[in-house]
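Here you get one chain, nothing else, as structure tokens; it is the form predicted on its own.
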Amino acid sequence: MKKQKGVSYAKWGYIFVAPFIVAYLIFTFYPQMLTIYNSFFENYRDGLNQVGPNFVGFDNYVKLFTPDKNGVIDILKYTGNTLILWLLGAVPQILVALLLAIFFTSYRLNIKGQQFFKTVIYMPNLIMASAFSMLFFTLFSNVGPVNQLIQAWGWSDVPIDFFARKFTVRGLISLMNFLMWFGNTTILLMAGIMGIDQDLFEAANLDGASATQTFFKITLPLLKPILVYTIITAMIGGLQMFDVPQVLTNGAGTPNRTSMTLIMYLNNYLGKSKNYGMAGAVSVIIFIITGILSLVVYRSLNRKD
């Protein structure tokens, strides 16, 4: 009897993931390894002269953590700036997105036109960050509409320089990041909630559970995987914050570099002096910070009660 040859489906899985693996190795893994490699070299331009590449070991990392004449370690200062800007924008972003997601997916309220609301709240995400920043710069400039209204209403006799105050600059940056990303976060959380079995909500309603009890006992525990993903991706995006503060402060991080972020600091090495060694060291530090914070968030939100 002729033996029937079986069909192996396992190989098709490898064939389908092969393009991604090849693209990842070429466009992500190789540049990452090259960045780490460059971080151990002195390699920059001094006027028209190219210095290096010369192997210097960990000297670039030592320079990053060496205090300046005022006793300030720049990379620690900019790490603090970045985390503050991220928290000011991400905390309200997650809270508002979670409230909106619950509101739009509530089986009790049965809101109609969910597709319309999804489109509306996602629209700010479609605006380029540079255009958004220029809009806010125009609105809050000394001769902008906001200052004109403040003076017209008698709240101030002179224009308020919003870009000369640490609180207002950080507030504007955080507000822009919130407006651009809360819609995307809302849609992700709505998808997570709609993936929960509706029978659980109906059973809770029949048992007389309140909306608050349903949220904390059913919605939040089952939504935790999506919530963890959302927070970690928002944190990674926050640590890579660049375009909004760059445009709003003209790359200076005013006032007194209190809105200078890690990527703006990295861009100073790449854009001005072409110092690839120091830029590589800064990139590695950002990678380490991102990894540590992601692990902390993941372990904190996934620990067993």
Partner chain sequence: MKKIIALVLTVMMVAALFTVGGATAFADDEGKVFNIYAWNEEFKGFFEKYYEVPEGVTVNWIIVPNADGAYQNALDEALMNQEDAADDEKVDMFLAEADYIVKYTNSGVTQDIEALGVTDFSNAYTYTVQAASDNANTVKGVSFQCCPSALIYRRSIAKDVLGTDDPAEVQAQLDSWDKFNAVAAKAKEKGYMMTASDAATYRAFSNNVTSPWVDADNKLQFDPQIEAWMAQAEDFVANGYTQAAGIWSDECTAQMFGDGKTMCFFGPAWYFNFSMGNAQDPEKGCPGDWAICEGPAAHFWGGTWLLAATGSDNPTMLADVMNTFINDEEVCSALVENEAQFCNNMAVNQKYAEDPNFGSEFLGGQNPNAVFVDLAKNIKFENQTQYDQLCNEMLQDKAFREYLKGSVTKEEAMENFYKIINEAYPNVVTP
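Positions refer to the first chain, counted from 1. Since the structure is predicted, the reported quantities are computational estimates derived from the model, not experimental observations.
The next section is about a form of this same protein that is not shown, the form predicted in complex with its partner chain.
Chemist: So which of 74-82, 125-133, 219-227, 180-188 is the stretch with heavy atoms within 4.5 Å of its partner chain in the predicted complex?
Modeler: In the other structure, the partner sits against 74-82.
Chemist: Just to confirm, residue 62 within 4.5 Å of its partner chain in the predicted complex by heavy atoms?
Modeler: Contact check for residue 62: no, nothing within 4.5 Å of its partner chain in the predicted complex.
Chemist: Using a 4.5 angstroms cut-off on non-hydrogen atoms, would residue 119 count as touching its partner chain in the predicted complex?
Modeler: Heavy-atom contact with its partner chain at 4.5 Å: absent for residue 119.
Chemist: Is residue 141 a contact residue for its partner chain in the predicted complex, using a 4.5 Å heavy atom cut-off?
Modeler: Flag for residue 141 set to yes.
Chemist: Examine residue 275 and determine whether its closest non-hydrogen atom to its partner chain in the predicted complex is within 4.5 angstroms.
Modeler: Flag for residue 275 set to yes.
Chemist: Residue by residue through 42-62, tell me which have a non-hydrogen atom within 4.5 angstroms of its partner chain in the predicted complex.
Modeler: 44, 45, 46, 47, 48, in sequence order.
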